[in-house]
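Form predicted on its own, single chain, as structure tokens, below.
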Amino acid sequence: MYNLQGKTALVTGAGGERGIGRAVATRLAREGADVIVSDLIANPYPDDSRDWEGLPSVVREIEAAGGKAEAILADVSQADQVENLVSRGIDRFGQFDILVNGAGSLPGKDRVLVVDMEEEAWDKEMNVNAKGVFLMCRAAARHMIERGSGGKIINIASTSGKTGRKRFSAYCASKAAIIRFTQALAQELGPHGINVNSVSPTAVDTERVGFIAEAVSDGAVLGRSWKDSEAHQEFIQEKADISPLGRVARGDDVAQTIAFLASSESDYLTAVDLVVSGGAEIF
């Protein structure tokens, strides 16, 4: 276990029941951090579970375990909403010490061949995944530099940022941008005692995978009914078959890595991209 007592973490993209963001937020809370959770809307996957309410459910989960949490809605691709998110988080907890950029664009019209892609689809992917990370990091860095107490910034990239994939061109480009941006920012913020790292997960068993499947199958698979579908079971088996560890990646696998990067145990790590792939992808 790590000691994050007295720290405040801000986690974006935290509204999914089986998402990486929720896993990260609850894990950091268990380590002692107060947590600000954010997403574009309170419940980004309302059809996935009748018992899940999105961000309010994450807050209740953290508070039930004795932690403190606050939910704040924001579109990370909009500078004014990012500034409002950071400002309200500081008003609630006084500061924040850890930023985890997990918000991502919902797969859809971008998962096509380049010759068939509309400019709007490309822009949406880049605006949320790449520009959103820039805006969040800029706001966080300004606050952390002003406080003068250092900090931890962790950006969630992807193994798709390390290799090209057919029909994933916009996504691959956005995630590659995050990795290189992380390395550049680490050089700039190191003198202020701020560590900047990224994590590149393989495909994780989250709600988003269903919408990826829907997009690349041209509607043959439906994202909203993905969880209980035969295609979902095939996905789990396929990922288990190619991993030396024999199972699909879960949100907790990524959260464990991020908890380490958020802790003092990683104080001499910066500009690093950690691959969380269970050995299924090696770079």
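Values in this document were obtained by computation on a predicted structure and should not be read as measured data. Note that residue numbering begins at 1 and tracks the sequence as displayed.
Just so it is clear, the following notes concern the form predicted in complex with nicotinamide-adenine-dinucleotide, a form of the same protein that is not shown.
- Just one listed stretch, out of 112 to 120, 151 to 159, 92 to 100, 190 to 198, contacts nicotinamide-adenine-dinucleotide in the model of the complex at the 4.5 Å heavy atom level, and that stretch is 151 to 159.
- None of the heavy atoms of residue 169 is located within 4.5 Å of nicotinamide-adenine-dinucleotide in the model of the complex.
- In the model of the complex, residue 206 approaches nicotinamide-adenine-dinucleotide with a heavy atom inside 4.5 Å.
- In the model of the complex, residue 179 stays away from nicotinamide-adenine-dinucleotide, with no heavy atom inside 4.5 Å.
- Among residues of the shown chain, residue 34 is not one whose heavy atoms approach nicotinamide-adenine-dinucleotide to within 4.5 Å in the model of the complex.
- The contact residue chosen from 141, 71, 106, 130 relative to nicotinamide-adenine-dinucleotide in the model of the complex is 106, the criterion being a non-hydrogen atom within 4.5 angstroms.
- Contact with nicotinamide-adenine-dinucleotide in the model of the complex, defined as a heavy atom within 4.5 Å, is made by none of 4, 56 and 256.
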